[in-house]
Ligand SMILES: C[S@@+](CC[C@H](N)C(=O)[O-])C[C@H]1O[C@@H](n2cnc3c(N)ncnc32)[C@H](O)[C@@H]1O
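Let's start with one chain on its own, the form predicted on its own, as structure tokens.
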């Protein structure tokens, strides 16, 4: 492929895919919890790994958020810069009053709703750890990020920053199943999946979170699957879905190209055919994932 890959474009391209995949029961439980929260005081939200701001857009569009402060963290300055552009564009399109308070701080207001959005190119978990038991946060959001972290180390810090009764909404947690179709070679397809999962910190984070939440001081309010299930529609893939699929295939390629157990020539042929399947509107792709809503005691 001669495609030039951009992580920011990938994150933007998967927004619609995530919209279709997010578990609506879990999202509904979050909505119900936010609706009964005390809105007389500012509501504080921290998002870990905010990417280009697609979750902020999603929550604003659905009018789920109480008024308050939203701190969005991502270790990539490019992601944060893109997030600011996207949120301002979204706010203008939807008739919000917008005030730039600082280079990466924006005040949004529409009707009785107001939000101060603060964007940080920092590691949220490290910042939370440094605050020790601050118990200052009403809601922590972590989408498609806990499966990239050492959950055993990260969760205690996340729980510690939550107020009693505070919420953790963690969505798109990968859970050990990757499928590419149509089949090229049963044995090699399975081998690729196995080797790819071995490059992850924990390829079964989705299910492992369940026992961690059960053993924590709090309550699982809702849990459900949020699988990516992608197949060609009648008119073929749109440009964003094509880009998303090409990016995923390239991610597999980059993860495996240097592994001594993987035959380089066979891998290159496999990757080439998968890219061609995308271009020909033939590729099928599934990733198994879980969403959770947890309330701290």
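Bear in mind the structure is a predicted one, so any value in this text is a computation, not a measurement. Positions refer to the first chain, counted from 1.
From this point on, the text means the form predicted together with this ligand, which you will not see here.
Tell me, out of 180, 73, 159, 174, which residue has a non-hydrogen atom within 4.5 angstroms of this ligand in the predicted bound form.
Residue within 4.5 Å of the partner: 73.
Identify, from the list 119, 140, 124, 209, the residue with a heavy atom within 4.5 Å of this ligand in the predicted bound form.
That would be 124.
This ligand isn't shown here, but in the predicted bound form, which of 25-33, 48-56, 237-245, 260-268 has heavy atoms within 4.5 Å of it?
Going by heavy atoms within 4.5 Å, the stretch is 48-56.
Using a 4.5 Å heavy atom cut-off, are 18, 79 and 149 all in contact with this ligand in the predicted bound form?
Every residue of the spot touches this ligand in the predicted bound form.
Close approach of residue 14 to this ligand in the predicted bound form, 4.5 Å, heavy atom
The answer is yes: residue 14 has a heavy atom within 4.5 Å of this ligand.
Can you tell me whether residue 145 touches this ligand? I mean in the predicted bound form, with a 4.5 angstroms heavy atom cut-off.
Yes, residue 145 is a contact residue.
Would residue 7 sit within 4.5 Å of this ligand in the predicted bound form, counting heavy atoms only?
Flag for residue 7 set to yes.
Would you give me the residues of 195-229 that have any heavy atom within 4.5 Å of this ligand in the predicted bound form, in order from first to last?
Not one residue comes within 4.5 Å of the partner.
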